[in-house]
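Laid out below as structure tokens are two forms of one and the same protein chain, each shown alone and named structure 1 and structure 2.
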Structure 1
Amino acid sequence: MAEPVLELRGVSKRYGEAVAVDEVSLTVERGEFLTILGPSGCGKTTVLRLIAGFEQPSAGEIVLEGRSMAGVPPERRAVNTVFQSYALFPHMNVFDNVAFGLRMRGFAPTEVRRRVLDALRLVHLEDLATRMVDRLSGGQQQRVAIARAVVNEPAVLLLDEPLSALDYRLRKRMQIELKHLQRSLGITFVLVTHDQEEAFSMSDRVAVMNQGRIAQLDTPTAIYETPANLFVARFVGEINVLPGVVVGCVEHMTHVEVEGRVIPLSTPPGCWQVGNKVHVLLRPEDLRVETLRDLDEDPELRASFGRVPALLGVVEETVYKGATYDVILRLDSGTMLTATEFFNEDDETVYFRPGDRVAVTWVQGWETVLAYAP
């Protein structure tokens, strides 16, 4: 098991009566890329500021490299922060911005030069060392901010939504560069963001926060495929939520009445009892949709349609999304669903049209079943 570099033990932060962080416990392993993900106001930035030492916890303890950070000021912690605004010195060039921290700590000029040039090479800015930072692009400024942080060789690099000001294509490129940089340095990264795609594309683990608490901490795949609760399910992507009632349990199969049909679901034994209310969660890409017309005309298609009993409905609208399109469906009960479809490879036309009568099903085992919560 990797060595923990950072621990939060029951950490809380209150501002008067308001609770920003509520008993958060978290262990970060050395060399890990951890992302704290959540909506505005969930407490994620406060957690970052507590780790950095800009705020002091109201309760609990922060341990960095085995040492309690109680009373330790920011400048004496083995962390560096890359801020959303980058916080560069506009009157300095690239080299001097990166060298600032080393000079303040009294490093010899030869050592400063060696470290700064090494850091600039890591972020591919060695040719721009003498350029003033206000003449750089947003992506270049972001890389200067990262170089200024890593040049100090921190145990943990904290990143406060550092990509939010970049355009989409640059943000995608910088996500890849950040992950490559983290791997090459071996430094622990803790990123704060509200962007699910950003979190999932870079992180080893993701902590999803809600109302000051960690709602789920796991790998990106586990969080997306098996969300721990409705908040996580809805926050990390589009989700279809179907209410159901357990009507029978046999070994690893739970029979749930959904939309008037009894559907067998694969669940661990002992999870549910008859009468339990549950939510059946399905991602749009997991749904299979066929028109009733095609099912009537094609016996092979009908036979292969799926083991899960189909739900009937009508297409309300289609939404173009580039490589895919969403089909907005209204079931006969009135429940709305969204299914993601790929274009026909031959003509790339939208197959489904508003008004089409359709049947909806999915592959057994692709659903997630959660206990009912209003």
Structure 2
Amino acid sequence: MAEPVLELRGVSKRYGEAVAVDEVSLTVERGEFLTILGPSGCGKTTVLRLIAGFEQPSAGEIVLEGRSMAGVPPERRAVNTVFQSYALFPHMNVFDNVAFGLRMRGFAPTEVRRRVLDALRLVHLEDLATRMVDRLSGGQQQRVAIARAVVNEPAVLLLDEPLSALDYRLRKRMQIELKHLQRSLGITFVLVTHDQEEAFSMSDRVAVMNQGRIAQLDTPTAIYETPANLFVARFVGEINVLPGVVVGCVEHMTHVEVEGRVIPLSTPPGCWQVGNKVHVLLRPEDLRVETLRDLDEDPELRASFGRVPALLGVVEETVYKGATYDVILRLDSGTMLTATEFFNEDDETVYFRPGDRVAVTWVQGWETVLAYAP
């Protein structure tokens, strides 16, 4: 593997007593699209400001293209930032805004002109070069901010919630455009967002942050399907959390008692010991729900229902979601579960009714088991 373009080694940032960033370590490969995802106030912006050089780490080291950035001011770092507020220069037009970085680096006027016009073409703003930036729409200002940064061909482009000020449709479109831009330019992107969908749809890897620490750093699929802890599990999408106890470990099979039923789980050997308390995590769309009536009447259905012993409960309500609907159920133990159901192809009505007795199961192996944490 080639040398990483950016590396954070145990970087912390304290403001007095408060710890904004806590021992964050990560490496970013050249050409990668890495997203830092986390709730507001978890330290995402601070990480970007540390990389950009606006803040100095209280501990740890930032290495950019093999060089330590300790004491290097922002203007001498090969990174550029797309600010959350855009921070366009109001006394300059679009062209001068985009040209600013090149001019500061002393490019010849003809070269500046060529590169700026190229960058503007890239973001479809070539017709607005002479427009003052305060006469642009939010989406156009966003594009100027992106052009102003990418025109400098930085080693790493930092983007702080770049799309959060845009409306839903524009945001969707810009997500795709940003991704294409990143691919075609081959620039390394480090993007910050609190929007899980945004993170998943654009990134090669996602770092989920919580209270200044990285809770998990992995591909979007891995983060969604095998969350490393409860925080990640709950932050990315909806999830059902069932408490359980390990009751048996035989070879590759672990048996866990959940909701009064003993359920076999295929976890790596040696992970658990009898008596361990665990959480069993299940995504709503991984659950399979059938009414007891149907199971009684249809032996075929019963046979296909799976090997995992079913949990029994009652439908409380259903929530229409457009393409899907959620079934909220109360298990006999009192625990609430949410299951997502797709509409039947030839039946656009919600199948389940409140009060239906149902059995719930899932494909063995689709669950995630974590050590119990209160």
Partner chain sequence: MRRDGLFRRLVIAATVVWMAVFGVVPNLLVLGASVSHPSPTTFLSPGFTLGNYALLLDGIHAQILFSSLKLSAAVTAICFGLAYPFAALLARAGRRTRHVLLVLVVIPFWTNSLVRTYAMTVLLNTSGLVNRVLFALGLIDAPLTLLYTTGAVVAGLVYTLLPFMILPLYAALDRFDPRLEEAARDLGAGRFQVLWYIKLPLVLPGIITGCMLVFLPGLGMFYVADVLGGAKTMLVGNFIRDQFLVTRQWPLGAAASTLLTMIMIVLLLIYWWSQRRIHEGKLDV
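Bear in mind that the values here come from a model prediction, so they are computed numbers and not experimental data. Counting starts at 1 and follows the sequence of structure 1. What we label the rigid core is the largest C-alpha set whose atoms superpose within 1.5 Å from one form to the other.
Shown as structure 2 is the form predicted together with the partner chain, with the alternative form given as structure 1. Once the cores line up, the CA of Ala222 ends up less than 2 angstroms apart between the two structures.
With the core held fixed, Leu301 shows a CA shift below 2 Å between the two structures. Once both forms are fitted on their rigid core, the CA atom of Asn93 lies 2 Å or more apart between the two structures. Relative to the superposed core, Gly106 has its Cα moved 2.5 Å between the two structures.
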